[in-house]
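Take a look at this one chain, the form predicted on its own, written out in structure tokens.
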Amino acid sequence: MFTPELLLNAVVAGLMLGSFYAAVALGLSITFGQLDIVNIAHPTFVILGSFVAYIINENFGLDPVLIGVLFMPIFYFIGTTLYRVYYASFERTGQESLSGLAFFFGLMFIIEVVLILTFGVDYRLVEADYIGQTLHLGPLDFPYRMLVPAIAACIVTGAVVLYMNKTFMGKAILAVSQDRLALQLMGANPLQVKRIALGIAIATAALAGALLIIIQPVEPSVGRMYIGRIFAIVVLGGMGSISGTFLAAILIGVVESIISTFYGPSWAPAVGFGILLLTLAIRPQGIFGRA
């Protein structure tokens, strides 16, 4: 039954869910939108981050968000190493379009199989004092398992936006797919720029994975649920626009939450992708892309 209070809570839940979606889509917005690298394995790195958070939380009791932050440098190193392999194997020879896609597709399955062999297919979860508690502000409910990831997601997205807009390397990342020659004339090495960019993208996956396992239990194949959704968010937000990706994620989160609340969760993904198709028909560059 429709009530204003129920609608308000659905919107609040959607804002928190959308913020989390933004954290998951952030790295793909960099690789797909800025580098033209179709890293279909990105959600699998998110799940890898979830299992890292699970292992450390299980053995040492650290807060999952703290674990995600602490492991970002390690994931950054993984990302930079991954670009070296990708460049040497595909980009240097001009085979990145199809062979590169197959590379990331294979990488996705390798990581997933390793996780299954190591942890099985059982769902894993983490423990924290705030999980299971809810903040009540009048008629509004803010479950901490959603609120904490939403706040962390907003912080990391804001930090990346500031880095991109205020630093030389950040501006170089924004420019690397637009004018490589001009970038070289400015004294930047495009290969180094791309290496750093992919490192940042994979580093954000570590934190996104820690946030995911706070929100819900995970198992190795959960990442598949997010592949289509995060690609839709990146395209909807406008290729190469991180702030657009964030706003698109919020839009999808709110729509999914409202539809789930009043019509059932099975309709939510269909409506989200319906918005994407309608947007591409009217504005192919995405809602927040350049005109």
Partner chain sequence: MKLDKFWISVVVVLVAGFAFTKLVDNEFYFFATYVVLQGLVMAVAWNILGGFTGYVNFGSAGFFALGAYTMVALNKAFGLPLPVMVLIAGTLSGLLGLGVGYISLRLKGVYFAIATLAIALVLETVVNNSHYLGGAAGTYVIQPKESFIFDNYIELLFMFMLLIAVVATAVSRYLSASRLGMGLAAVRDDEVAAECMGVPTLKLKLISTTTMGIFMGLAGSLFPFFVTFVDPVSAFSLLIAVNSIAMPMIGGTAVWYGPVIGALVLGVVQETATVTISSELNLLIVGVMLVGFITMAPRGIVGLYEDYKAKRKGQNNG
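Model, not experiment: these values are computed from the prediction. Numbering follows the first chain given and starts at 1. So that the term is clear: the rigid core is the largest set of C-alpha atoms that superpose within 1.5 Å between two forms.
Same protein, other form: the form predicted in complex with its partner chain, not shown, and the subject of what follows.
Its partner chain in the predicted bound form comes within 4.5 Å of a heavy atom belonging to F109. Taking the partner from the other structure, its partner chain in the predicted bound form has a heavy atom within 4.5 Å of a heavy atom of F105. In the predicted bound form, L66 stays away from its partner chain, with no heavy atom inside 4.5 Å. Although the partner is absent from this view, V11 stays clear of its partner chain in the predicted bound form, with no non-hydrogen atom inside 4.5 angstroms. This chain is displayed without its partner chain, yet in the predicted bound form the stretch 85-93 from 85-93, 138-146, 202-210, 154-162 comes within 4.5 Å of it by heavy atoms. Only one of the listed residues (I250, V235, I259, I56) places a non-hydrogen atom within 4.5 angstroms of its partner chain in the predicted bound form, and that residue is V235. The putative spot formed by F51, F60 and V126 is not touched by its partner chain in the predicted bound form; no residue has a non-hydrogen atom within 4.5 angstroms of it. Residues of 11-43 that come within 4.5 Å of its partner chain in the predicted bound form, judged by any heavy atom, are F32, V38, I40 in sequence order. After superposing the rigid core, the Cα of S266 is displaced by 2 Å or more between the shown form and the other one.
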